[in-house]
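Below you'll find only one chain, the form predicted on its own, shown as structure tokens.
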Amino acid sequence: MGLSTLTTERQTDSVHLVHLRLRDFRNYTRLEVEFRPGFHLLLGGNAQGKTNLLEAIYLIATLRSFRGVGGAQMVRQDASGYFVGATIVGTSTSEVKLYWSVKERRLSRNGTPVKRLSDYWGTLRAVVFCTEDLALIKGTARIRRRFLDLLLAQTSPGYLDTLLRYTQALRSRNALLKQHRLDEDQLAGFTQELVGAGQELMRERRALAPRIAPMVQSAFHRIAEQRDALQWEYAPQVDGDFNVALAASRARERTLRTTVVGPHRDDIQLLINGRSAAHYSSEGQKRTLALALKMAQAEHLTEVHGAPPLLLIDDVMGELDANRRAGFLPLLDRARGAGGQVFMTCTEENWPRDLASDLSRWKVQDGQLRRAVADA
């Protein structure tokens, strides 16, 4: 089922960010702003704080930066920590407060401390489109696994808990393998936990593949207006029984002192006309494929939850030619038609004039945000 069909058949309440507060976050000393549903265009020059705003919103949704940095890099220069607060409205209202410093980290929702990530996950769902997306094609398998894990954590109940169980078991098992005297009983216990969680991760990832692959292919062809054959396939490192694979790798484990097989080494295989997209496709094809992956992510989230996620678009439109832009714009129109929320950054020179007129324009300058005169 396509996104446009879905939004006409299933009308549910979309989730909106209605209030955002920042303190000592990146180049924002203080910010307090309200947003309505719909399209928000953030205009400003380079290094003024446009991307920082998207980063703060994405942080509220996923508790991580899409730039791949840690908390220390998001603290304003000379400040001791940052604060991000948000009011999120959907079927209910959530007041979220997040504070980070080297010595202290706090996350609360509606005044209650969040103790388990799975209890918070889904408070706000967002998909970001940014230049870093090219790493999905050109980067390491770890980046593509993170894409899989984020998508499944946002759509499959229990997946995040399973992933955390696997990660903890893997960490403990690797620590044990590094010891000079190996406790075989402890190793067997960690192996049992690793296998149980790992097989569930692989089952979930394998089940996702036939659902997401057609969405990626459709988006790719729609943007590029070409007939290149695209393949998106889940590529598990373990083909068969995980326990058997671990047993077979025992000698290598003892030599390298780490777990050498498992879903922590899975990948996504991306092929264009039967050849590796990373090694044989053009830069334009890579950009198109990265964009298609993110569009498919947004479409899948909408299909599962019946409402679109927030779309955070960081200066991507300026990099697209007219054909690719035309293929991307319908996603924005469908999101707005379904009552969603879109935030897009542009410079004054490259913002796309073919966007619809019903948008809120904001000026971003030196860590300050204000409405453009036309929307005041």
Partner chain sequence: MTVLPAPLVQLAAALGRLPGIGPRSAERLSLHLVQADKQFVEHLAAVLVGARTSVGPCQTCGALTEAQPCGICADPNRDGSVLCIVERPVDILGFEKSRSFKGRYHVLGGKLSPTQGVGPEDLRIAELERRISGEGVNEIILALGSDVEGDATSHYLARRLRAVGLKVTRLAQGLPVGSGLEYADELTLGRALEGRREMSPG
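Positions refer to the first chain, counted from 1. These figures come from a predicted structure and were not determined experimentally.
From this point on, the text means the form predicted in complex with its partner chain, which you will not see here.
Between 279 to 287, 151 to 159, 294 to 302, 231 to 239, the stretch whose residues reach within 4.5 angstroms of its partner chain in the model of the complex through a non-hydrogen atom is 151 to 159. At a distance of at most 4.5 angstroms from its partner chain in the model of the complex, none of the three residues E95, K115 and Y120 contributes a non-hydrogen atom. Note on contacts: among A251, A188, V244, V102, the single residue with a heavy atom within 4.5 Å of its partner chain in the model of the complex is A188. Exactly one listed residue, out of H221, R203, R265, R171, brings a non-hydrogen atom to within 4.5 Å of its partner chain in the model of the complex: R171.
Although the partner is absent here, D78 sits far enough away that none of its heavy atoms falls within 4.5 Å of its partner chain in the model of the complex. Contact check for C130: every heavy atom lies farther than 4.5 Å from its partner chain in the model of the complex. Among heavy atoms of V195, none comes within 4.5 Å of its partner chain in the model of the complex.
Its partner chain in the model of the complex comes within 4.5 Å of a heavy atom belonging to A175.
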